[in-house]
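We begin with a single chain expressed as C-alpha cells, specifically the form predicted on its own.
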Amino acid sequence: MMLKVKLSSSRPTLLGALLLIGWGTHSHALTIHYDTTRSDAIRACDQLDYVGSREEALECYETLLSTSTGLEQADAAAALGDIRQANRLYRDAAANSNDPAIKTHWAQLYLQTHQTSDAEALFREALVYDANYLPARLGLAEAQSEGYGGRAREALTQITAENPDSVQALILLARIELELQNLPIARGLLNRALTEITAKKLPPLEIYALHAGADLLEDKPITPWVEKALEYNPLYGDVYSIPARYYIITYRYREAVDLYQKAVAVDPELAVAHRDLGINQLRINNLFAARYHLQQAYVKDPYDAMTVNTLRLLDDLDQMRVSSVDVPSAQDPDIVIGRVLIRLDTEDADALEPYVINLSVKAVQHFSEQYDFQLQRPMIVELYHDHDDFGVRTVSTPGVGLLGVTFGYLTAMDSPKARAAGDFHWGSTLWHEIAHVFTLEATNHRLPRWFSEGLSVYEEWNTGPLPSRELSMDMLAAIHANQLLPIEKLDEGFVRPSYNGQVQVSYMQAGLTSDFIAKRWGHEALVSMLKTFAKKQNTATALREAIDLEPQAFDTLFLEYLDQQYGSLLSTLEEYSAVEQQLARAIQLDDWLSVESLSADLIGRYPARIGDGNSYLVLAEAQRQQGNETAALETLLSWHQLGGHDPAVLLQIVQELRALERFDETVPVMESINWVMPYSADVHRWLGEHYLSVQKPDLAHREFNALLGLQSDSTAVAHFGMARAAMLNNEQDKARRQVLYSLESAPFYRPAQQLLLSLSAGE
C-alpha cells in the first residue's frame, strides 16, 4: 500500500511532517512581499533575495534571527526556511497579542506549506481583530483562490475598487483573469500594478512572469519579459515556471515541460520547479525523466507532500502490469491504426484487462473515424484500484474528487474496485476519457475546456456503453434559474465556479451544447469546430465557420432548444418536489397503492431520471408488494434500457429473466453489470457459454478470460471455454494449449478430456 503524505488540516499538528525539518530558502519559489507590515530590517534582507544575492540575503536573515524578537524574528525564521522554528515563534508572538499582522504572517507560513484550510482560519482570526485589515483580506482571498473558488474573484474585485493602489490585490486578480483567459483585463491589472511597483520601488519580477504568461496564451514569444526578469534577478527561475502554469490549465503539458526545464536550468536549486517538471514528465509518460527530477526535488525539499507522493507512485507504477494491443481498422483488419498500452494494478489486471482491451479497441476505431484523426503515438490507459493512488497520479495528492483525467495520450482513472459497488459506470468513464485523447491531440491541445468536455459528454450519450441522458436536479434548477453561462464564458464555470455545483452544471451544459449542435447542424459541424480550434481560433470564430452564427445568436437558439426539451418539467419543478414529498410519506405508511400512483406520476414527468432518487425502483417495489411481479420486472427493464446501472438491481433482473427463460433479454443486462462491476464469476461464465452458442468466439474468449482472472474455483471451466472459442476461430494450437491448462487445473475434468481426444485425433 502506498504511503500518502497528506498534511493535517489541524493546527495542533504544527504543520505536520514539515515541522520535522526546515525547508532550505533556496528550495522554494521566491516569495515577493508587497505589504508594508514587514519591518525595515526584514525588507532590507528581502531586497537582497529579490535581486538574486542569496548568500548575502541568508546572512542578513540569520543576523535578524539571532538579534531580533517577536514578529521580526519569526519572519526571519520563515525566510530562512526554518518552518518549525518560525511556527513556534509566530505562536509565541500571537499568544498575548491582538495584532492582526502576527496572525496574518503566521497564516502565510501555512499558505507556503500548502495547508490552505489552516491558513484561511488564521486569516479569519486576524480579521476578528480588525475586520478591514487589508493584508488579512488579501491573504484570505489568495487562500480561497487556491481552490478555484469564485469567491476569491469577487473579494479581489471589491478590494481593488476600495484600494486601487494595492499591488498584491491587482496581481492576485490578474492571475485569476489570466486563468479565465480574459487577457485584456489581466493586462490592464498588471500594467496598473507595474505603475504602483515602480512608484513604491518594489520588485517587478512577478509582473514580468505574468505578462509572459499572457503572451504565452496569445502565442507570442515570452523572451522580452524573460530578459527583463533575468536582468533584475539572474536566478529567477519562476519567470519560466509561472507561465508554465498557463500551459497546464490549457492542457499543453509537453510545452509546460519545456518551460520547467528552462526554470531549473536558471535555478538548479528550485525544488518546486523540479517537482512540477517531474510531475509533468510523468503526465506525458516520460517515467525516467520524471523520476530524476522528482528525486532532485526530494533532495532539496524532502518534506514536500506532492514530491513524496509522486515518487512513491512511481515505485507502484513499476509493479503494475503493462499489456499492449494493436488496434486494427474496423474496415480492414490487416491495417493497424493505433496501439494501446494498458497499465493495471495486479489485483485487477486479470479480471479487468479483457474488458479494458475490448472497449479501448472499439473507442480507437470509433474516434479515429468520428474525428478524422489517427493516433500518432501509443495511447496509455491506466486504471487504479486505490482511489488515492489515482489522486496522486492526477494532482499528486490523495482525496481528489475525480473519476478520470486525460493528459493527452495518457488517460488515468479509477477502476471499479476503487469505489463502492455501482458508485460509477467505469465503462462510460473510460469512453469519456478516450474521447478526450482524440479531441485534445487532434487540435494539439488548443480547444477550450467547454468544448473538450462537451464532446466527451456528447460521445458518452450517443456512442458510449451507457445510454443515460439524465440531467441532475441541480442542472435543471440551474436552467430554471437562468444560471447557465453564455457560450463564450462557459470555461469560467469549470475554472472559477461562482456557486456550489457549477462545475457539474458546466459539464452538463457543455454536453447539451455539443449535442444541440450535432442535432441541429450535424456531427460535421462539431468536426469543423474542432479543426477551427486547431488553427488557434476562438469560440466565436469556430461558431461562425461551422454554423454561421454569432455567439449571442447561438445562445438564444440554445436556450429555446432547452425550453423545448425541458420546459414543461422546468415549469413544474416545485410541483415535482411536492409529489416527491408525498411519495416519501406514502412509503413510510406502506401505502403501496399511493406509492405506485405517485412514482408513476414522477416517471411520467421526468422519464430520464434513472440515478439517485429515481422512481423506477420505487414503482417496481410497489408493484411487487401488490403481487404484480410481471409489471415490476417490466418497470426495471425500462429503467435499465434508459441507463439504470445499480449492479444489485441488475443482478435481480438477471435472476428473474433467467427464471423465465428470457435469455436474449438477459444478455444486455449482464453486459451492463460488467461495465459497472465486472467481478461476478457467474455472469462471466453464463455470458461465455451464451456467446459460444451464438458463434461469437471473440466475446466468448473475453468472458472466459475475465472468469479466469477472477481466480475463482472455475479455472478449468475458463480454460475450457477459451479452448472452445479458439476452435470457433480455427486456432487449433491455441485450443490445445487451453485444454491442457484446463486439465492441469482439473485432471479429471471430463469435457476437457473429451476435447483433447478430439484434437489429438485431428477432428
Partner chain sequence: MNNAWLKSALIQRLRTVVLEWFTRGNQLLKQLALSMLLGLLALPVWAENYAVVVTGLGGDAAYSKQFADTGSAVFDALQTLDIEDDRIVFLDESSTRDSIIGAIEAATKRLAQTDSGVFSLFLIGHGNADTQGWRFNVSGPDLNTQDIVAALNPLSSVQQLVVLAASASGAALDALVQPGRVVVSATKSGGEINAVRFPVFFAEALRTAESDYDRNEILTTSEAFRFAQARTVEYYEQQNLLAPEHARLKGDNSADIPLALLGSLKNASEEPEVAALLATRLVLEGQFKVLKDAKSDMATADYYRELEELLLRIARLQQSIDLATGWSENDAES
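What you see is a predicted model, and the numbers here were worked out from it, not measured in a lab. For clarity, a rigid core is taken as the largest C-alpha set superposing within 1.5 Å between two forms. Numbering follows the first chain given and starts at 1.
FYI, the form predicted in complex with the partner chain isn't displayed, but the following is about it.
- Though the partner is left out of this view, V717 does reach within 4.5 Å of the partner chain in the predicted bound form, counting heavy atoms only.
- Although the partner is absent here, H645 is not a contact residue: none of its heavy atoms lies within 4.5 angstroms of the partner chain in the predicted bound form.
- The closest heavy atom approach of L651 to the partner chain in the predicted bound form falls within 4.5 Å.
- Taking the partner from elsewhere, A578 is found to have every heavy atom lying beyond 4.5 Å of the partner chain in the predicted bound form.
- Remark: of stretches 546-554, 671-679, 436-444, 135-143, the one touching the partner chain in the predicted bound form is 671-679 (heavy atom within 4.5 Å).
- Exactly one listed residue, out of A659, A584, A420, A131, brings a non-hydrogen atom to within 4.5 Å of the partner chain in the predicted bound form: A420.
- Residues of 726-748 placing a heavy atom within 4.5 Å of the partner chain in the predicted bound form, in sequence order: R736, L740, Y741, L743, E744, S745, A746, P747, F748.
- The Cα shift for T36 between this form and the one not shown, taken after rigid core superposition, is smaller than 2 angstroms.
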